[in-house]
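Okay, so here's just one chain, in structure tokens, the form predicted alone.
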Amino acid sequence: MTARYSFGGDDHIFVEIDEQMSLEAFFKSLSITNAVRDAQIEGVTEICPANASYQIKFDPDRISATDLLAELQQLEAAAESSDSHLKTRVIDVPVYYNDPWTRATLMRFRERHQDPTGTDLDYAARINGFDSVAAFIQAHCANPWFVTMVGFVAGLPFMFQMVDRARQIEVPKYLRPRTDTPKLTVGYGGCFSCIYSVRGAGGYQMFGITPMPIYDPEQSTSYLQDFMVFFNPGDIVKFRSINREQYDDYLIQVEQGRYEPIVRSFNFSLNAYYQNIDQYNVNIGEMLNVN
């Protein structure tokens, strides 16, 4: 896996780790960007990790593009030889699948969809070979997900499921984007799941909604008072299917300032993960201990 470097104007370097998304490419990108941050390279002003790439913004008056490129290439070489370990968080995210709000929204935009006769869940289950929507939902929340990137709009996490490639869910985006998506919609496009942090336009398939705030520019939410964005690249998410009664109860807790996400610290090893993917994922799920 050899990185491809390119320059963006006078003050950006873009690095593509691989053309295909994989956990190896993501880990290499995250390892290098973490190393850039820890090295405190003179002149680096912004570090932006992405799914299988990253971008660095720098001040050309403090460091030249060629000097920064040399630094990044050295860090790439170090990342190649290191074991992929990550100190991270495992986070429980409750999801009300097939909820009335995303369902009503998607029905307003069926003319923009590949299959106007059903719902987004119906379509996703069918093209991925599942016998029912319930079986598809189970596959979506059975195994954990890595947050590989946060962005596009403020606070929105892109997530890649921690399963072997043969079991990856893949669903195309809408033929034409919607002009509306409910806030906190759990969406899907390509091989990525996401949570829409704000209400707005979108093209991902809509599967459900979470009551858990993930972005709060006012920082009035109890667990977002230190920083307005909840997710970080490298976080591990475990979706949990909930019903309407549970969803309403969580909303009350959020409004009263009593809701706290279930979060566990975790040391992830990519090598150990590949030795037994299914058991490793079971162990991650058991850490949360949520009924």
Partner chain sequence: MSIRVLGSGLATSVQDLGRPGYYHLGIPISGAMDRYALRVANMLVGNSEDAAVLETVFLGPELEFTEDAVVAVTGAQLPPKVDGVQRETWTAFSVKSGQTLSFDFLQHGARAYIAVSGGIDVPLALGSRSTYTLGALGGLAGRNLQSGDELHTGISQGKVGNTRRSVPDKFKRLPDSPACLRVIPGLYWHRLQEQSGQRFFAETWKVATEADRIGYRFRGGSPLDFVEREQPFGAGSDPSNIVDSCYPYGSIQVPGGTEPIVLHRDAVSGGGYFMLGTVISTDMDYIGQLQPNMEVQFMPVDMETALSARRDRKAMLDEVRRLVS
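The structure displayed is predicted, hence computed values, not measured ones. Residue numbers count along the first chain shown, from 1.
The form predicted together with the partner chain is left out here; the points below concern that form.
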| query | finding |
| --- | --- |
| Triple contact flag Glu24, Pro144 and Leu184 to the partner chain in the model of the complex, non-hydrogen atom at 4.5 angstroms | no |
| Contact flag, Phe239 vs the partner chain in the model of the complex, heavy atom cut 4.5 Å | no |
| Contact test in the model of the complex: Phe192 vs the partner chain, heavy atoms, 4.5 Å | yes |
| The partner chain contact in the model of the complex: Gln74, any heavy atom under 4.5 Å | no |
| Contact label in the model of the complex: Arg89 to the partner chain, heavy atom within 4.5 Å | no |
| Candidate stretches 152 to 160, 131 to 139, 205 to 213, 93 to 101 - the one whose heavy atoms come within 4.5 Å of the partner chain in the model of the complex | 152 to 160 |
